[in-house]
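A lone chain, given as structure tokens: the form predicted on its own.
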Amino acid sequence: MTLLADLRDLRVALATPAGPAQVLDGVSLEIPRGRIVGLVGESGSGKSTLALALLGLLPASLSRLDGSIRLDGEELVGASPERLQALRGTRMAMIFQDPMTALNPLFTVATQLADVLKRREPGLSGAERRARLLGMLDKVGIADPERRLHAYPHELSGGMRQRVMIAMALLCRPDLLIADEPTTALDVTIEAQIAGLIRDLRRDFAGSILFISHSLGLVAELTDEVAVLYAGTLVESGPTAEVFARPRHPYTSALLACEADLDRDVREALSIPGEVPSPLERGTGCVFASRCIRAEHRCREETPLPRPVEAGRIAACHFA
């Protein structure tokens, strides 16, 4: 199994008025070629920061970037802005979680899609470009694509805007497609349609997908491998079916327990007691110790390193 992207000991800190905030702390992640890798964790766990690090789009407040990000063996940490820009929209593309802010409200769908295609395939004629755009809108399930090409983002529903974002990413024909919570702002019906669209991509899309989501159900349905982030730390990874069936880290178990069981009458949403530790204060010991029901004295004194617990699986727990 060949790797498309390989992240090693990635550390990202952002400058704040209160001091540096450690957003990612030694994250290592492999994205095999042709596979869908899920990335899960609570809000603030560092999922979107990891995606932006891959694309070289970290904010101006960045105060530290250490470790390694390799795309097909090419090191991206320390690469020039020009090289990173050349990779975005060609070898890497992203579906953002809020298409209303990602799409430009001043331009039609046709203009924005055409700009992407001009960058990817500048030699196409106007007629060829238009045919490609119509075909892509049809492929992502937009009815009457001829009319939708001339629409502005605010004239489309949330589900249609998300389909336009997916079409834009696919027009890049990237090796790595990053989907950052692409169903977050959608109702359950449209969410199911977008999930089905991503599932269907497997037939035609030869690259790899990093699928970021808060929905463990979608991750279980769509991904081959899964990585679990907590407070900027990778706590568990492995084949999705195995991790969800037999979690080896207490945080993964707690996340799974919070998923509503539709076979039961659930009156109140379950949650994990306590709060995610502040990225401004990195103490010793396990980052999850303050919320873990299994924590012992050792957990508060010694930081567990991610280690193999069985073939293809890693967990950062003293008792994994």
Partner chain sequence: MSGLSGYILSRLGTTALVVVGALTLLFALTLLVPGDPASVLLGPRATPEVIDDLRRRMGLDLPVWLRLLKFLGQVAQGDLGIDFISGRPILTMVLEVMPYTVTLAFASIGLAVAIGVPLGTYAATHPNTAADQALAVVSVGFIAVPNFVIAIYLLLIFSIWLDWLPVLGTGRPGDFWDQARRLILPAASLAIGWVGYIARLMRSSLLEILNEPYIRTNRAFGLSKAKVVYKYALKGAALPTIAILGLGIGRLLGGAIFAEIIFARPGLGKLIYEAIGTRNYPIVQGGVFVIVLLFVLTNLLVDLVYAWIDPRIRANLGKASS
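Being a predicted model, the structure only gives us computed values, none of them experimental. Positions refer to the first chain, counted from 1. Take the two forms, find the largest set of C-alpha atoms that superpose within 1.5 Å, and that set is the rigid core.
Beyond the structure shown, there is the form predicted in complex with the partner chain, which is absent from this document and is the topic of what follows.
Chemist: Can you work out whether residue 96 and the partner chain are in contact in the model of the complex, taking contact to mean some heavy atom pair no more than 4.5 Å apart?
Modeler: Residue-level check for residue 96: yes, a contact with the partner chain.
Chemist: With the partner left out of view, is residue 131 within 4.5 angstroms of the partner chain in the model of the complex by any non-hydrogen atom?
Modeler: Flag for residue 131 set to no.
Chemist: If you check in the model of the complex, is residue 79 within 4.5 Å of the partner chain, heavy atoms only?
Modeler: Residue-level check for residue 79: no, no contact with the partner chain.
Chemist: Looking in the model of the complex, any heavy atom of residue 243 within 4.5 Å of the partner chain?
Modeler: Because no heavy atom of residue 243 falls inside 4.5 Å of the partner chain in the model of the complex, the answer is no.
Chemist: Check each of 154, 147, 199, 83 and return the one that places a heavy atom within 4.5 angstroms of the partner chain in the model of the complex.
Modeler: It is 154.
Chemist: Pick from 102, 124, 190, 216: which residue has any heavy atom within 4.5 angstroms of the partner chain in the model of the complex?
Modeler: When the partner chain is considered in the model of the complex, the option within 4.5 Å is 102.
Chemist: Please state whether every one of the three residues 8, 26 and 65 places a non-hydrogen atom within 4.5 angstroms of the partner chain in the model of the complex.
Modeler: Judged in the model of the complex, none of 8, 26 and 65 sits within 4.5 Å of the partner chain.
Chemist: Using a 4.5 Å heavy atom cut-off, which stretch among 162-170, 68-76, 203-211, 246-254 contacts the partner chain in the model of the complex?
Modeler: Careful reading of the contacts points to 162-170.
Chemist: Is there a C-alpha shift of 2 Å or more at residue 43 between this form and the one not shown once the rigid core is superposed?
Modeler: No, the C-alpha moves less than 2 Å.
Chemist: 2 Å or more on the CA of residue 62 between this form and the one not shown, with the rigid core superposed, yes or no?
Modeler: Yes: residue 62 shifts by at least 2 Å between this form and the one not shown.
Chemist: Compared with this form, is the residue 230-residue 61 Cα separation smaller or larger in the model of the complex, the difference being 3 Å or more?
Modeler: Their C-alpha distance grows by at least 3 Å in the model of the complex.
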